[in-house]
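The structure tokens that follow cover one protein chain in two forms, given apart as structure 1 and structure 2.
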Structure 1
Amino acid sequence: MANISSTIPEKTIERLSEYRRTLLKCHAQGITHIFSHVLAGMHGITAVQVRRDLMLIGFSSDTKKGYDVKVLIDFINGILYSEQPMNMAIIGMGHLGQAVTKYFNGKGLKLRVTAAFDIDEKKVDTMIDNIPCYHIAEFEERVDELDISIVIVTSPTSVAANLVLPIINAGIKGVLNFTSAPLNFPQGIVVENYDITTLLEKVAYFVKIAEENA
């Protein structure tokens, strides 16, 4: 399965994560089987795309009954996650950082926020949403101590660039950057730059076009 996972395109990985969330909701509602065209309709794509994604990860099923929801959830889990949970840290425990912490630690994922870092003396050495908050000066030491693999950057954009070197030195493997400043890392560190402003402006543009054409 490791060999399969290493060859899966990025867009397919994104869709697998989306399928998984949908399947979890279906499972909670008591739905035991689902057809590819039903799953596709829930995501606004074609059944061919769903089948292609699942074939790519080596999943097959009895098409007469549709996909077994629980079996498919477990199969996707095996593709997306390591056997052991991954520890994450938040850098910047403002409103966004706290919201992200609550989101991830309430989803039952194999991804858990185990530490936070900030420079605000009112937050340092306190527990925020049951997560210990340390001073950013302790970052490299705590990453090693707590076996942290991923960091989520929610700090002010003005200081984001200063975090690149400490993240590299700490041996972090993956970064999710919520600031509006793109962060560049050397090969070997996976980074996703998630610019909320750009995404909102894209939405606003298409809303404007729709209103102008109405």
Structure 2
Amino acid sequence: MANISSTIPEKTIERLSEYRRTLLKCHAQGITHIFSHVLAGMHGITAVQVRRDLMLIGFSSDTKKGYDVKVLIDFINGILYSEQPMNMAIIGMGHLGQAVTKYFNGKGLKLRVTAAFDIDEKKVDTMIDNIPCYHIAEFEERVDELDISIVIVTSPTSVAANLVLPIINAGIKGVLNFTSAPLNFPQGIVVENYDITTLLEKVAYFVKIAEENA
């Protein structure tokens, strides 16, 4: 994670997010307690890893019956989420932007996609998946009005670099960049880059290695 240091490692944060989703499902099924090795098995990792992650966030419990599912969910919520909900905006309401919006709508998270931005006349000033879509020209004004902290960049790669200055000027705190344009932000703005092409080339490379070693 560029730019920000934290006492809890990035990978632990990722796993906590995943544990939480699994625990919510267990809770919905009426499961009240879960052992570390069972939770671990559901995620294809070791019980040691689960226990280490929970130790890192200061969670301890009497483990005779396993972790209390509800208590653990609340504890992880306290770590992951701030008191206030965080508002997010999508820049680029094409297929990827709409896919990301659908991932979030209705998941009951404190993270909400509250606005989308685009330049497509057919999309601007309409509601898409219950999200208002504004023209990118209104970006700084809407970010301020809607108290948006995080943007998800799903625009065409070719225009992504033009978004850097407006994002900085609007006071955005976090950026999740799905384009293949490397976006450079100053220290203090949290940035995650996830270019799908890179991910796929990585999988293809390791498949090649696996076949060479087979």
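What you see is a predicted model; the values in this text were computed from it and never measured. By rigid core we mean the largest C-alpha set that fits within 1.5 Å across both forms. Just so we're on the same page, residue numbers count up from 1 along structure 1's sequence.
Visitor: Between the two chains shown, which is the form predicted together with a further copy of the same chain?
Guide: Structure 2, which is the form predicted together with a further copy of the same chain, differs in this respect from structure 1.
Visitor: Core aligned, does the CA of R21 move at least 2 Å between structure 1 and structure 2?
Guide: No; that C-alpha moves by less than 2 Å between structure 1 and structure 2.
Visitor: V203: after superposing the rigid core, is there a C-alpha shift of 2 Å or more between structure 1 and structure 2?
Guide: Yes, because once the rigid core is superposed, the C-alpha of V203 moves 2 Å or more between structure 1 and structure 2.
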